[in-house]
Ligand code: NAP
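As a starting point, one isolated chain is supplied in structure tokens, in the form predicted on its own.
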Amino acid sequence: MTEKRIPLAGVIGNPIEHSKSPALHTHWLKTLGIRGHYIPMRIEREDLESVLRSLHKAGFVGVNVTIPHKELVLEIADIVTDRAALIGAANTLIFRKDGKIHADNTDGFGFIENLRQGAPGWNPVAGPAAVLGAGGAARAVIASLLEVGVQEIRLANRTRSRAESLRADFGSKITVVDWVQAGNMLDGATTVVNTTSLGMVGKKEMRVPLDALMSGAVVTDLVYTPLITPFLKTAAEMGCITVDGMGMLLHQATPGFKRWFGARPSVDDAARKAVLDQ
């Protein structure tokens, strides 16, 4: 009798040493009593396709993908989900039994689930959303907000042309606002999202005026180092419901884990602690 192969998964990027995913997935594997392993792998761009094509033979069931490979893997994958194609990036790969690579993007799923968990009363159709930033994370956020029914998204980015590009891709529900007017677009917004790195440890401060924030608005920051950014601190002081960015990291990981290891993990205090204690 042949012993069943121990499933392997991991995260690919460059650099990769900072990734919190191994701590999270290892916690889930232990909690659920699953014989499996999840490891970080630093892969150079020129080696990416050859490595991905060989992992299935080594017993890997899938991998997460992070910077700078999230766009390139779409060109390598055999099957790409509609949402990954729309966002223009993949963060989750599933290696099928026939050897084909299936690419998906779960960032938007993680973003929405984090809001629903952190702000249970959040209603996406209650009013406009305001989004700061127009990078890859913003694409995932915008796609997911539109999917759950947000009717108007106000978008500001330091380089306006990038915001205009997102409007061209996502349509007329996107209104582009000049970065110098970003504070004004918060007026009446019921959902406010920072997708930029502003306020992150080692990055520039967020200098967008927040005076127009509406009390009771749901405000979230994708930055989670620090966990409570100055942006979230100010929003809380103004009576907003704030949701930190750690939950998005946790929730976006659950679909891949379930596909790879066959069980849906819990996003709870113990999972947060496993990542924060890393």
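Quick caveat, the model's predicted, so the values are computed rather than measured. Each residue number is its position in the shown sequence, starting from 1.
The following text describes the form predicted together with this ligand, which does not appear among the structures shown.
(request) Within 4.5 Å of this ligand in the predicted complex, counting heavy atoms only, one of 44-52, 26-34, 231-239, 245-253 shows up; tell me which. (result) Among the listed stretches, the partner-contacting one is 245-253.
(request) Tell me, out of 144, 195, 92, 191, which residue has a non-hydrogen atom within 4.5 angstroms of this ligand in the predicted complex. (result) Contact check passes for 195.
(request) Consider residue 128 of the chain shown here, and say whether it contacts this ligand in the predicted complex, taking contact as heavy atoms within 4.5 Å. (result) No - in the predicted complex, heavy atoms of residue 128 and this ligand never come within 4.5 Å of each other.
(message) Whether residue 60 contacts this ligand in the predicted complex should be assessed with a 4.5 Å heavy atom distance threshold; does it?
(response) No - in the predicted complex, heavy atoms of residue 60 and this ligand never come within 4.5 Å of each other.
(request) Please check if residue 204 has a heavy atom lying within 4.5 Å of any heavy atom of this ligand in the predicted complex. (result) Output for residue 204 is yes: heavy atoms within 4.5 Å of this ligand.
(message) Against this ligand in the predicted complex, would residue 100 count as a contact residue? Criterion: heavy atoms within 4.5 Å.
(response) Residue-level check for residue 100: no, no contact with this ligand.
(request) Using the arrangement in the predicted complex, list in sequence order the residues of 116-147 with any heavy atom within 4.5 angstroms of this ligand. (result) Residues within 4.5 Å: 133, 134, 135, 136, 137, 138.
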